[in-house]
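Quick heads-up: it's one chain on its own, the form predicted on its own, in structure tokens.
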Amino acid sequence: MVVISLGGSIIAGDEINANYLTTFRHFLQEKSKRVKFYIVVGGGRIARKYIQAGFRMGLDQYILDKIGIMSTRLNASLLLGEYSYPRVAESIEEAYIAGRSYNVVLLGGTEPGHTTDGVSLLLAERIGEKRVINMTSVGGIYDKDPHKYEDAEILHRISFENAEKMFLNRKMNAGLNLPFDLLSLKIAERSGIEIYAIGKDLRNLERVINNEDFEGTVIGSIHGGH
């Protein structure tokens, strides 16, 4: 089983990345013959545009969260196919049950206040998976923002404790890029679920699935390597 948190920034920037989505669909169609995929899709810039519009209209945070959830589900629907559960699951339990019959199950957000990263960790807990693959446009965790600093260095492995410290301190370090929120890290820590933060390259994703050397960051135990 493979649990993926697919960053909305990869597929839904200012425009929908149809070429990438088409390639991902082909990947899922082929690989799901031997691997079960649970994929939680984020909202990206398109979701933020809706949320920003709602904010300007005076909508409350709960409603804004609901709007974000609908955006994530819309993004996830672009990966539906004959190889998958025929709808975007709306809860952890629905995804859990769907996974008994289908090798590809897609989700977006589930509840206000939970990020899609958090959903991916809760889902991993529910199905007993000890690894979540976080795919982002950045491709890992760096000591500073790689888009701003040429000397930014990727952190190949970091403990839960240090990742949490980085999150808590990031307001003091505007250059830091950390893909997971604190709640997600706490969920991962309590169940010993390692987070593999990688980019969008599907060959690199396949290397992670096959337990081969890959480019990215592992959040979890301080022991081991990749």
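Bear in mind that the values here come from a model prediction, so they are computed numbers and not experimental data. One rule holds for the numbers: they count along the sequence shown, beginning at 1.
Missing here is the form predicted in complex with a small molecule; even so, the following discussion is about that form.
Colleague: Spell out, yes or no, whether the shortest heavy atom distance between Val119 and the small molecule in the predicted complex is within 4.5 Å.
Modeller: Although the small molecule is absent here, Val119 would touch it in the predicted complex, with heavy atoms inside 4.5 Å.
Colleague: Is there a heavy atom of Arg157 lying 4.5 Å or less from a heavy atom of the small molecule in the predicted complex?
Modeller: It does not: once the small molecule is placed as it appears in the predicted complex, Arg157 has no heavy atom within 4.5 Å of it.
Colleague: Using heavy atoms and a 4.5 Å limit, would one call Ile69 a contact residue for the small molecule in the predicted complex?
Modeller: Result yes; Ile69 sits at the interface with the small molecule in the predicted complex.
Colleague: Test of understanding: in the predicted complex, would Lys31 fall inside 4.5 Å of the small molecule by heavy atoms?
Modeller: Answer no; every heavy atom of Lys31 is more than 4.5 Å from the small molecule in the predicted complex.
Colleague: Using a 4.5 Å heavy atom cut-off, indicate which stretch of 79 to 87, 123 to 131, 149 to 157, 108 to 116 touches the small molecule in the predicted complex.
Modeller: Checking each option against the 4.5 Å cut-off leaves 108 to 116.
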